[in-house]
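The chain below stands alone and is given in structure tokens; this is the form predicted on its own.
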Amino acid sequence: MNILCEVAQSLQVLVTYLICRTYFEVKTAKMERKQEVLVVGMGAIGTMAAYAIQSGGQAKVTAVLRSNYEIVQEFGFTIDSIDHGKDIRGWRPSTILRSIPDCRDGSKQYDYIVVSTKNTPDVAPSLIDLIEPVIKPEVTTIVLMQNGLNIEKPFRQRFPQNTILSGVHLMGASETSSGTIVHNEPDICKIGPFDNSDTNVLQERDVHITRAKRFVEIYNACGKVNCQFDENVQFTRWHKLVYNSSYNSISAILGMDVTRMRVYEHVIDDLVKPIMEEIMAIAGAAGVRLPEDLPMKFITIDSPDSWFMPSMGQDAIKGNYLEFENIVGEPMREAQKLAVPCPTLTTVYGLLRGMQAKIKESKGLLEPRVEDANKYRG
């Protein structure tokens, strides 16, 4: 009887050991498996996001480069970063590509695709069409790190089986020349799942939240940035829109930095502040209550010594496409649906739309011809 007890105890110890060993082997394998992350849009913001993600050691970054491909291929990126250090030379993501890969044959699978391009849905081809070959249903999580309102909706319509994460970056960075990045304001990023009532099933929400938190973990692993899980990322989008819809659009139209706008007070009084107040009113009608002191906070948020030119102003000077549709057009359309007056925003939208037409014309996308169907043909 004693022998049988000893054998039973030995078997119990052996089984416990095997279970524990299997658990730790599985856990270790899971920890060792690096996430596959594809970054589309390697300007200043995309590059710094890719740098943080790869530096954390929990992911392998594949980056799609366009105009700066040759420089980065030969010399790597040169980065001067407030978070990661000065004079970083020769840095490259794990893999760099000229174009978005086609993964429909199953040869490659990405856990996350980070989209950090300029948001210009009015310029063909659409980003949704470009990334479709890399999206695997129920597997690929799409992280939209772009400016503006309602940017997630077309992605949800095209990819209903995939998690869509909405990301708002509060970072100061610019590409001063091809492959050279100056990162001068800390990397603060807020990430949350896009909350869509059509797919708002509890089980799906849990999956989306888990994937969002995992991405935050990957991003923060380098220990030098501040990526936060945001349960109400749409509030954050409206919050940032107060600045972007006003300062960005006016800088593009006037070719003026924010310091000059404050020097010539009438620019703030007649244009910037009214747009901010209109965005506040539209957000309130949409159920998003923003702090009442937000307009004045944003009007004075930049140092008067910085002579800071917002990104849309920089794009206008360079002759690049303007990302105004989601920054100005979408809040204007929300205002129309909610019957909220927005006269300044509407006028600014018309001006930006005209500027975009001229840019498209200069790039050969539009030809100025008076068609027979033109109602102003005369």
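All residue numbers are counted from 1 along the displayed sequence. Values in this document were obtained by computation on a predicted structure and should not be read as measured data.
What follows is about the form predicted in complex with a small molecule, which we do not show.
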{"query": "Single option in 239, 183, 208, 169 placed near the small molecule in the predicted bound form, where near means a heavy atom within 4.5 Å", "finding": "169"}
{"query": "Contacting member of 235, 229, 308, 159, with respect to the small molecule in the predicted bound form [4.5 Å, heavy atom]", "finding": "308"}
{"query": "Heavy atom of residue 65 within 4.5 Å of the small molecule in the predicted bound form", "finding": "no"}
{"query": "Contact label in the predicted bound form: residue 194 to the small molecule, heavy atom within 4.5 Å", "finding": "no"}
{"query": "Any non-hydrogen atom of residue 141 within 4.5 angstroms of the small molecule in the predicted bound form", "finding": "no"}
{"query": "The small molecule contact in the predicted bound form: residue 147, any heavy atom under 4.5 Å", "finding": "yes"}
{"query": "Partner-proximal stretch of 213-221, 105-113, 170-178, 263-271 relative to the small molecule in the predicted bound form, 4.5 angstroms, heavy atom", "finding": "170-178"}
